[in-house]
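What follows is a single chain, given as structure tokens, in the form predicted on its own.
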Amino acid sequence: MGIKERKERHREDFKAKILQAAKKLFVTEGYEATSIRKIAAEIEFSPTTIYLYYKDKTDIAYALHQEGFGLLRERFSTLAYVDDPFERLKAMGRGYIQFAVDHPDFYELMFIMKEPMQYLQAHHPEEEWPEGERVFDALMQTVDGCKARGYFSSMNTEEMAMLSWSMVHGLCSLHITSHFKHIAEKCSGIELVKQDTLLVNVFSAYLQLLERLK
């Protein structure tokens, strides 16, 4: 490995160290309470060093947001080989929910916190939301495939895709914030099972409604 490659590797390793420290502090102390100084102290470097890599705290939040979408795309990549679009839609939903269960910190940065979007609007106003758009495009293609097979054929593709996304996002958000667990405990008609299992059960009930639209 040459000098240039070693420098680049060191740079990427250090950026990853910054992001890891920031993610930990965002989760444990909250975004507002986390400062560049605190992130620097976590990795035992000066705040000035952080600014060599990231403009500000929103830049760090957006970088974590991008990292999370990379993980989500990896999870979805194998689903392109599922021929049946309705089976693919179901697998996308289950994969999305499992991603939120496995990576609640990333999910919050990607879909709940406003700061990554504020960074995008401030520094890249010409771009709307490239990461989210790629996920939504894949969902719309799957919905179109379902319609071609006779599912919800009378419904608008964009609206149906947004409905499906909103459904799983609502479940995931309620789960991450612990609201889901507390409401479930008050529902006498719901068997008390593990929260992760209950998420899947509720999603399965939604799928049963979709199947009736064929």
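All figures in this text were calculated on a predicted structure; none of them were measured in a lab. The numbering used is simple: start at 1 and walk along the sequence shown.
The protein also exists as the form predicted together with the DNA; that form is not presented, and the subsequent description refers to it.
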The stretch from 61-69, 163-171, 45-53, 146-154 that lies within 4.5 Å of the DNA in the model of the complex, judged by heavy atoms, is 45-53
Taking heavy atoms only, is residue 214 within 4.5 angstroms of the DNA in the model of the complex? no
Applying a 4.5 Å heavy atom distance criterion, does residue 37 contact the DNA in the model of the complex? yes
Answer for residue 14 alone: is it within 4.5 Å of the DNA in the model of the complex, judged on heavy atom distances? yes
Would one find the Cα atoms of residue 102 and residue 13 closer or farther in the model of the complex than in this form, where their distance changes by 3 Å or more? farther
Which is it in the model of the complex for the CA atoms of residue 17 and residue 177, closer or farther than here, knowing they shift by 3 Å or more? farther
